[in-house]
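Each of the two blocks below gives one form of the same protein chain as structure tokens; they are labelled structure 1 and structure 2.
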Structure 1
Amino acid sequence: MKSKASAPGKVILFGEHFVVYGVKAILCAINKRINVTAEKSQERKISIKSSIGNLALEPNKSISEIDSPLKPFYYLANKMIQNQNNGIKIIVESEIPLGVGLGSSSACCVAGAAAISRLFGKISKEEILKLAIEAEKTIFENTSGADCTVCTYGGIMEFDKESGFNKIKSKPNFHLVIANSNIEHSTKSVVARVREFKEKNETQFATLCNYESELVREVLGLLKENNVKELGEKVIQNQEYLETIGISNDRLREMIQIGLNKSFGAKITGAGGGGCIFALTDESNLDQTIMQFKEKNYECFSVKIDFKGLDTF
């Protein structure tokens, strides 16, 4: 029997990094997915095949000894085959560019947790999310859990570490243009850099957290009104806070300027240090914004909100 699951990637619209320190963030799932197929095997081995490489190991290895971006899958499979005689084969297919802040690793954890655990029986979305966050922690221990949450439930949501998520009911009519810097980044190391910034600048960081909370509060009102133009101004303001905590660089700043030529606002999304930015548009300036990036030879594409979240087959 094969078990299949698919989960969407994500964009953090507002509040990345500050969410790690308890501030509310606003995220949405996007219409680019990770598909995972899992199957029990006679051979007592865990094997994973993906476009970024393969991994085949005996069960019960120590996670800290595994040096592979595929280790969340190993963790999940190994957990599930305790007290069993078989192994597991996993195939991962991705429509999401990997490691660029669009939630590829969270979507892997969510789709992996669903596909693998369903080989052994029924499981709720809440339990899948819990497993996915455990698996994500094998590569990035201090995760806020925001990314796995939106990849599980889809749509657009507010999230904070203490109260969890709350779906935003309005269906905003904006479009996001994503541009990729093609600079690889590690969420773990950028989050560690922000922690250093915070430790050196406690008062300034606390003030920024307050500003970000206030901004998110205003954004929630603007989303209800579908006020894309003013939302763009909030995007620009949020980018200033991200500049202050040191997760930007010259390439990202150049891309944001290109985005600002025609869109309502542009900012880094996700950990920063590399990865992607997004520009906020509506129908009136979507094509022109894409053209701006294409003229400068940046890889770019537009995404829509995915309202489905995790899907299982």
Structure 2
Amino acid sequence: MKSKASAPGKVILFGEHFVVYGVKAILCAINKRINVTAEKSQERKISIKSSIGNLALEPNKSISEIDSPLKPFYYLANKMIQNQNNGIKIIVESEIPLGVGLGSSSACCVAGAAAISRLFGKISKEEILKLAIEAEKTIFENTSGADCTVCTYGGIMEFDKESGFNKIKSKPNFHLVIANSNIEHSTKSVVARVREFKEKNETQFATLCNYESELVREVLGLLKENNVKELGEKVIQNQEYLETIGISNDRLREMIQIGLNKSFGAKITGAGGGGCIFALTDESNLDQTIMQFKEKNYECFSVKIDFKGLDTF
């Protein structure tokens, strides 16, 4: 018996970094997916195959001893085969670039939790999400769980540290053109840089948090109206705040400028320092925006909001 599951990636639309300090962030699932296939095997071994490498280990290894980006899958499989005599084979297929802030790790954890757990019986989305967050903590110890949540339920959600997540009912019809800087970055070091900025500029940072909170409040109204042009203005405004806290660089600024030529607005998504930016478009300027990036030889692709979330089959 094979069990298959698929989960979408994600983009942070507004609020990255500020969310660490109590401001709401707005995230959305995107229609690029991780697909995971799991099946029981006679051999008492956990075997994982993926485009970023393979892993094959006996059960009951210490997670801290495993140096592999595939260890969330090992964690999930090992948890499920306790008191069992079989092993598990797992195949991971990805449509999402890895390590660029588009939620590939979270989508892996969600799809992995669903595919592996369903070999042993049906469980609810809530239980799958709980398992996925446990698995994600093997690679990101302090994860908020926000990424796994949006990858599980799809659509758009608001998230803050105090209240957790709240799914937004609006279904706006816009496209995002994602462009990849191909600059490797460490989320941990960028977060530390922002913390340093805050400590040196307490008053300015508090003002920026207030501005961002107001911006997010206005964005929630614009999403209901599907007002893409005004959303674009908020995207530009949010990017100015991200510039101020020091997470941009010359390459990202160049990409944002390219995006602004034809789109409604462009900004960094995720940690910054590298990774991706997005440009907000609709049908009227989607193709022109993609062409702008391709003419400058930037890797790019378009996405829409994924309203389905986790899918099992």
Ligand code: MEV
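As the structure is a computational prediction, the values presented were derived from the model and not from experiment. Residue numbering: sequential along structure 1, first residue numbered 1. We call the rigid core the largest set of C-alpha positions that still match within 1.5 Å between the two forms.
> Which number goes with the form predicted in complex with the ligand?
Replying inline: Between the two, the form predicted in complex with the ligand is shown as structure 1, not structure 2.
**Request:** Indicate whether residue 246 shows a C-alpha shift of 2 Å or more between structures 1 and 2, with the rigid core used for the fit.
**Result:** The answer is yes, as the C-alpha of residue 246 shifts between structures 1 and 2 by 2 Å or more after core alignment.
Notebook entry, point to check: Once the two forms are fit on the core, has residue 300 moved its CA by at least 2 Å between structures 1 and 2?
Noted result: False for residue 300: its C-alpha shift is below 2 Å.
**Q.** Threshold 2 Å Cα movement between structures 1 and 2 for residue 185, core superposed
**A.** Yes.
Looking at residue 19, what is the CA displacement between structures 1 and 2 after core superposition, in angstrom? Rounded to one decimal, the shift is 2.7 Å.
What is the magnitude, in angstrom, of the C-alpha shift at residue 204 between structures 1 and 2 when the rigid core serves as the superposition reference? Its C-alpha shift, to one decimal, is 4.2 Å.
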